[in-house]
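A single chain, nothing else alongside it, follows as structure tokens in the form predicted on its own.
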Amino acid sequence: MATGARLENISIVLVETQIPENIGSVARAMDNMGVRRLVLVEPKNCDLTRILRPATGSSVDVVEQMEVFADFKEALGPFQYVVGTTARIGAHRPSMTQPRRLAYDIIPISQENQVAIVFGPEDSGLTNEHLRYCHSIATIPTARFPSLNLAQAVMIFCYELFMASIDTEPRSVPRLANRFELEGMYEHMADVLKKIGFINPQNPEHWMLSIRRFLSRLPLRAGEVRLIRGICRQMNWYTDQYEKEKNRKGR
């Protein structure tokens, strides 16, 4: 018997939302499909009266329990798997998946991990800076005009997650590293790779982007992150010993 996805482990994250009514409409779409956790990051207008206008019935509970953050990285910190959504694709933002395929991929991950699906501002969407913190990038295919109303886009993702959850026998994926753990690892890697001359210290983030994309495809478990950081510490120790020996001989 299928047990489905753990929708309680899936959150919708709205970044820099501009129109309060859109937040309420998103809450209603989430509630329709059984996704209950709503996270706001730097909302431009958080007028609760206007938010509640389209949020009817039990979707009011979604609004009342929503979390608000002033910092994007802090908001994503507890999540082990992060999906960025975009209507614009290109060299710096390759579309890796679509809502239906993403929903089936998320089913096993959601059993033991917190998942965030991130949506950007209504007028511009997520930036490249936002997307570099995402494990995967998803695009909703359209016939012509690619931009959708925010609540419509959220509804499509939540609908696919709900349908996959009642139609799939889940596989369990062990706990993955959260964003706090991953960002600590990437900072550690960047420091070591600059030290050994592997990446250009003038623009390390440009060089780290390919590494981020490669490792995001795995994705990494918490123990694997600790292993990589252990390798970085050992590399750091050897380079320090080399510099000390070189300085000693140069005296």
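What you see is a predicted model; the values in this text were computed from it and never measured. Numbers follow the displayed sequence, beginning with 1.
There is another form of this protein, the form predicted together with another copy of the chain, and it is not shown here; the text below is about that form.
Every residue in the set 25, 147 and 159 has a non-hydrogen atom no more than 4.5 Å from another copy of the chain in the model of the complex.
Comparing 65-73, 50-58, 221-229, 187-195 against another copy of the chain in the model of the complex, the single stretch with non-hydrogen atoms within 4.5 angstroms of it is 50-58. Interface membership of residue 127, defined by any non-hydrogen atom within 4.5 Å of another copy of the chain in the model of the complex, is ruled out. Using a 4.5 angstroms limit between non-hydrogen atoms, residue 32 touches another copy of the chain in the model of the complex. When contacts are judged by a 4.5 Å heavy atom cut-off, residue 36 counts as touching another copy of the chain in the model of the complex.
None of the heavy atoms of residue 174 is located within 4.5 Å of another copy of the chain in the model of the complex. A heavy atom within 4.5 Å of another copy of the chain in the model of the complex is found for exactly one of 155, 107, 116, 96: 155. Along 116-140, one residue reaches a heavy atom to within 4.5 Å of another copy of the chain in the model of the complex: 140.
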